[in-house]
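Only one chain is included here, represented as structure tokens and corresponding to the form predicted on its own.
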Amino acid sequence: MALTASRWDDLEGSKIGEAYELALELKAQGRQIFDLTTGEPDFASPEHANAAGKAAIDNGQTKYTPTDGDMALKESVQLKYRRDNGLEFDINQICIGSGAKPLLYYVLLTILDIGDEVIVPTPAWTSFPGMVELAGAVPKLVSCTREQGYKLTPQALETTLGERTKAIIINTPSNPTGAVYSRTELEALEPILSAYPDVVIVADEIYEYLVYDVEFASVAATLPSLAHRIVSVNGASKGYAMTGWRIGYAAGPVLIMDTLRKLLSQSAGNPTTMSQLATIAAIEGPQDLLAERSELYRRRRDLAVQILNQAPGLHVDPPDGAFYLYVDCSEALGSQTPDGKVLEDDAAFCQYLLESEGVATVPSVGFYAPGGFRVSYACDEETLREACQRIARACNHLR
């Protein structure tokens, strides 16, 4: 008898994690690696959040809270939704977790039965399909092309919905493409979703504060007629640069939240108490840094887009949100490296960038959409410039 369950034999690990770990391994070997794999802001957590976390330790606020989060943080999240999105949630509609990622998984586990189907527009964050499979359900991948702005169209949604559909995941702004759904685009999905009253809309909005040139449209606020079956998931990691504090939150229908609380009570401890207090400070304290950092990300985006679009075989459109570039390298595939190796797919292309120029990226096969790669511009401008110039140089050496 095997030591591990056979049901996990076909489960794949995160391609982002694999790329990041390889970059770390090469750095440990002494190689200079320009790591553009990770979705982690290079900014520090807000000073007032840090101070609140330190004060919590000094004041002995290091004990358990309720499994689904302290009342004070729920009230802060309630404030955030009212202030930033015009949404009103009762306290029993809010759950706090140890990061948005595990909360997303628990939400899916809450709503899915074995064999249910979940619509996942692609390119998709590498963990969405895996989470669906872990819950015993089936991810229905829907290709969203560059011409469509990497966003789900009403026609594609209508074609994919079926009797077994239980949920759809809408990630806006998107990882890996940076695509942001406008109000008009979300409203176009509403009549189709209205015809399927048992389908839950899971809105991953973790990059809400990172938008450029467009207005962020909350799914729940834009589609009020469907609010009774929308679960919004967000957190402190991306906008407030609090990745290591591990605080996420979900807001949605009471029935789903009550069931989510039961799952958390049996399988998870409370989110770290000091982190909850730091997040309260981040939400309720000065918000100026959000716009300031968003402007810095915009500058980095424009710099990277300019350099990469000059490289032969590469095409990238400026994203409206998040801090990723989704680069189309399909024209470069089939080319030969200087040592005669044929680059047959995006994974081989990314391996070539790593071996020849020391630039670590994530191949788009990891996002269920082959023919490209993802670049994170959540790094300082000097590193980003050098890394993108190296990518362009590698492309110039292909034949």
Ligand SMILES: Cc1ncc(COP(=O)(O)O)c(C=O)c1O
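Quantities reported herein were computed from a predicted structural model and do not represent experimental measurements. Numbers follow the displayed sequence, beginning with 1.
This next part talks about the form predicted in complex with the named molecule, which is not shown.
- Contact annotation for P253: none of its heavy atoms lies within 4.5 Å of the named molecule in the predicted complex.
- The named molecule in the predicted complex comes within 4.5 Å of no heavy atom belonging to R229.
- The closest heavy atom approach of I206 to the named molecule in the predicted complex falls within 4.5 Å.
- For the chain shown alone, R293 is not a contact residue for the named molecule in the predicted complex, no non-hydrogen atom being within 4.5 angstroms.
- Per the 4.5 Å heavy atom criterion, the named molecule in the predicted complex is contacted by stretch 235 to 243, the sole one of 235 to 243, 76 to 84, 268 to 276, 148 to 156.
- G99 is the sole member of P139, G285, G99, P318 with a non-hydrogen atom within 4.5 Å of the named molecule in the predicted complex.
- Contact with the named molecule in the predicted complex, defined as a heavy atom within 4.5 Å, holds for exactly one of N171, T122, S218, T110, namely N171.
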